[in-house]
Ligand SMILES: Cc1cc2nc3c(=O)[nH]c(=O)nc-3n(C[C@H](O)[C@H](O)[C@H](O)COP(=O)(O)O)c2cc1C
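One chain is shown next in C-alpha cells, namely the form predicted on its own.
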C-alpha cells in the first residue's frame, strides 16, 4: 500500500483513527451565514462531509468560542446550549460519512476585535490609541473563562464530538497568559513562568473534568514565540507540555506564530516559508515529553508526510490546506493517484486573504481556494456528469486550460488542448522558477501529467487559427490563451540588454553583475529574486508609492523580509525615462537618477493575448466561446483564472 505509515490506524485512549491525517481547525467565516452568525450551516456540514468521504482521519472543526460575551460573529460558538443541535447535526453527518470529529475550544483574546460588539480579553492593559486602552482581564473574569471552558467541553461531549482540542497558541487568551512576551501582569497570574502557566493549566483541567475518560484531549501550542521579547522558548514549551500532560492532554498539535508581530506569517504560512518548518521542533518536543505529536505547516504532499512518520518525528500529520485544495486528497494518495491530486501551493489567496476580507466586506461570504473553486459550495457547484457530451477546444494550456480540460473529461466531455508553446503549465511554471516558489511548478507538472493519465488529446507547438476552428467545428471553445508582457515605449527599450520578465524566468542564459527591473509588482519582485539567486544585484523601479500591491498580508510580509536579506534595492515613485548603453535613466521626485545595468528586465505588467479573430469565427459558426483568466482580463490572479475555468465547465455542462 502506498504511504503505509500515513494510512495506518492509531488508537488514542478509546478513539481509533483510520489513518494519521488530521485536518486541523481553519476559519471559514461560513458561520456568518447562520441565523446569529455563529452557528453551523448546511454548507459547513457539506464541507466537512466531503473531507470525511475523501478519507481524512480526523476533521477538526474551526475555532469555536467558549464564552458568549467574547464570541465574535463569523466564528462558530459553543458558548450556549442553543448551538448543540447544529453541532450534533454536523457530527452525525461526518460520522455517517465514515469520519471522526474534533472541536477546537477557543477564547480568542485580541483576535475577536474584528467584531466590535464583543469583549476583547487581554492579559493586561493594552493601549491601542491615544484615546483608548483595552483593559486587562480581571481575576474574576479569568475564573469565569475557566468555567466557560468546562461547560463548553460538556456541550461538545453532548454534541457528539470524538475528541476535543484546547487552543493554547496564536495570541489567543491562553497563549497570551502563558507567554512572558504578552503577559506583563504583576499579580499571581503573571510574572514568573509558574504563575503564567496557572491559567492555561486550569483551563485544561476544567476541560478534562467534563470529558469521558476514554476521550482524547488535544492541545494546539506554538513551539516557541517569534519576535516577542521575553516570549516562550522551546524549552519553556517543553516544560509546559509536560505539565499539560499531567493535566490530561494526550496529543500536541505543534504550530507557531502570533498576531501582534510579523510572526503572524507562521500561522497560515505562505509558499515563501519552507515546507515542514515546525517538524524538527515538534520532534524534539515529542522526544522530551513522551507525548503524541502532530506538526503543522506546509506539509502538502503524501510523500513528505510519510517521510516525517518514517523518520519517527511525529505520530500524526496535520494536512489542512492540502484538503481545502482537494477534498479527496487522502483517497487519491492512498490509491496512488498522485497526479490526480490538486496540490496546495501556499498562495494564501483563497484561504487567508478571503478570510480577512470576509471580516470586513459583506460581499465575501467565506473562504475559497485557488485550486478548488467549489470549496464551501460542495453541493451547489458540484461537477456532475453531462447528459450531452461535447467536444470542446481548449485554446491555451496554462493552469486554467489544464483544469478546464480535466473537469470536462471528468464530466464526460471530450476536451482537446492546443498550446502554442512546447509544454503545458504556462505562467504557473514561470512562477515556480522564482526561488522558493517550486510549489507552483510542481503543481503544474502534476496537473500536466494528469492530462496524459486521463487520455486528453494535446497539441503542443500549435497556435490556433480561425481556420482550425472552422475545420474542427467543436461544440464549444474555451479561450484560455493567457497574456503577453507589456513593453513600455521607453527610449532604448530595444537595446540588446533588455529582456522580458517571462524570458528571464523561462531560463534564458544571463550574465553580468547588475540589473534593473522595471516594475515593482509580484513578477518584478520574482525577477529580482531570481537575479539575486544568481549573484546579480538588482534595482527595482516602481512608479507607484509602494511595491507588491497585489499581494495579501502574509505574502507581502514574506516578500518584504526577503527583500531585506537580498542584494535588491527598491525605488518607489520612480519612472524609467530611457535606457542608454548600460545605464538606466529614471526620474524620482523630479530629480534624475542614473543606475548601472548589465541587464534590464521589463516587468511592467501584461495584456490579454489578442483573440478577436478566434472569437469572431466562433460567433459566425454559432459556437459558444468562453474567455477565461488573463485572456479575459489581464493582468489577473491565478485564482480568478482557475475559478473562471471551473464555472465555464459548469455552464458547458448545463
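Given the structure is predicted, the values throughout are model-derived calculations rather than measurements. Residue numbers count along the first chain shown, from 1.
Absent from the display: the form predicted in complex with the ligand. The rest refers to it.
For the options 268, 417, 547, 541, the residue carrying a heavy atom within 4.5 angstroms of the ligand in the model of the complex is 268. Though the ligand is absent from this view, in the model of the complex it lies within 4.5 Å of a heavy atom of just one residue from 447, 367, 241, 516, which is 367.
Contact annotation: the ligand lies within 4.5 Å of heavy atoms from the stretch 162-170 in the model of the complex, the single such stretch among 572-580, 88-96, 162-170, 452-460. Heavy atoms of residue 122 never reach within 4.5 Å of the ligand in the model of the complex, leaving it off the interface. At least one heavy atom of residue 24 is located within 4.5 Å of the ligand in the model of the complex. Using a 4.5 angstroms threshold between heavy atoms, residue 530 stays clear of the ligand in the model of the complex. A residue is said to contact a partner when one of its heavy atoms sits within 4.5 Å of a partner heavy atom; residue 297 meets this definition for the ligand in the model of the complex.
Shown here without the ligand, the chain has 351, 352, 355, 367 in 345-369 lying with a heavy atom within 4.5 Å of that partner in the model of the complex.
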